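This document starts with one chain, in the form predicted on its own, laid out as C-alpha cells.
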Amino acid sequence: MSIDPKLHFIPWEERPAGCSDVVWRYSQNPIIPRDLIPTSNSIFNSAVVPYNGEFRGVFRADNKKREMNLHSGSSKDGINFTLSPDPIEWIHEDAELAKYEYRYDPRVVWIEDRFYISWCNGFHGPTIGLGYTYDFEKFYFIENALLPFNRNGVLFPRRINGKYVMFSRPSDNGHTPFGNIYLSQSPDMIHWGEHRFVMGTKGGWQSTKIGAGPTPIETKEGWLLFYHGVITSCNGFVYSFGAALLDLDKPWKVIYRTAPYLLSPQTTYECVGDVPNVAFPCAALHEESSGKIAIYYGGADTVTALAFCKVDEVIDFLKKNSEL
C-alpha cells in the first residue's frame, strides 16, 4: 500500500490588499456548508491532512437528530470536499469500548507509519479517544487515553525524547467555564503519564478557558501551537484563537504567547450559527519550503472555514506581542 503523507501543495490565497492581519480569511469561506451531506445539521471543528498528493480528513458532522459523530472525507485541492454520508465505523478489539455517547472535534496527524486520530469521546463523560488509520477506509480504535473529564486531545507529530506527547484540557461534564492546557507522555499510545502543566488562562479573549488547536508545527525556534481562547461576555462564550511557541525538547515550556488574538469571530459565518461567536481551529497545513500555513477552523459550530498565514510572520508577531 502506498501512503504519501508529504505536502505537495496547500490551499492558498494571498493576503488581501490593504490587510495587515497576520492571519487572514479565505475569501470564499465557508468552504464546507452545514448541509454538505443530506443528514447533517452542521459540519465544523474538523481535521485535514495531506494524503497521496490530495487531502483526507475526519470531520465532525452533527446529524439532524443532533447526534455528534465523525465522518471521513476527501478533497483534491483542500477546499472542495466530499464527505462519507455515514459515520466512521471503528474496529474495536474490546466490544465494551465500542459503546459511546458522542464523538466530536477530531484532530489527525501522521506519526511514523500511520495517521492517528484523537477526538472527544463520550465514555461515561467526555474523554479523549485515540485511533488510527492507514488509508481512511478502515479505522482502528486504540483506547481512551485519559479519564473523564477531558477534551482537546492533540498529539505532536513525532516522538519527543522517545515518547508520544499529547495536549489535553481537563474539564467537567458540561459547558466548562474553566480550562488550562496540560501535556501527557506515553511509551505506547496506551499508557499516559508524566503530566505537565503548559499554560493557563489570562485576561481578555483567553480569560475563561483555553485549549490546544491543530497539531503543533515544528520550527527551528520551537513548536508553533495555535490554540483557542474563550472570554465570557454578557451574551455567552466567545471563542478566538492565538498562538504560542514552545520549547522543542520540553514542550511544556512556553517561550512566547500572543497577548492579542490572531483571529476572532467577526464575520457572519463565525458570529451566526448554532453556537454564535466561535472561531475554533482544528487543523493546520504547513508548507515548509514557503512557510505558508492553511488553518481549518469551525465557524459558529455550524460550518468549516479556512484562513492563511506565514510561519515567520506568526513567530515575529509572537515575539513582539508576547505575554507569558
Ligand code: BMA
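All residue numbers are counted from 1 along the displayed sequence. Predicted model only: the values in this text are computed from it and were never measured.
If you look for the form predicted together with ligand BMA, you will not find it shown, but the lines that follow are about it.
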Within a 4.5 Å heavy atom cut-off, is residue 205 in contact with ligand BMA in the predicted complex? no
Partner proximity in the predicted complex: residue 239 to ligand BMA, non-hydrogen atom cutoff 4.5 Å: yes
Taking any heavy atom pair closer than or equal to 4.5 Å as contact, tell me whether residue 43 reaches ligand BMA in the predicted complex. no
I'd like to check something about residue 143: if you look in the predicted complex, is any of its heavy atoms closer than or equal to 4.5 Å to a heavy atom of ligand BMA? no
Just give me the single entry in 47, 70, 278, 32 that has a non-hydrogen atom within 4.5 angstroms of ligand BMA in the predicted complex. 278
Heavy atoms within 4.5 Å of ligand BMA in the predicted complex: which of the stretches 73 to 81, 101 to 109, 133 to 141, 216 to 224 has them? 101 to 109
Counting heavy atoms only and using a 4.5 Å cut-off, do 56, 287 and 310 all touch ligand BMA in the predicted complex? no
Within 50 to 66, the residues having any heavy atom within 4.5 Å of ligand BMA in the predicted complex are 60
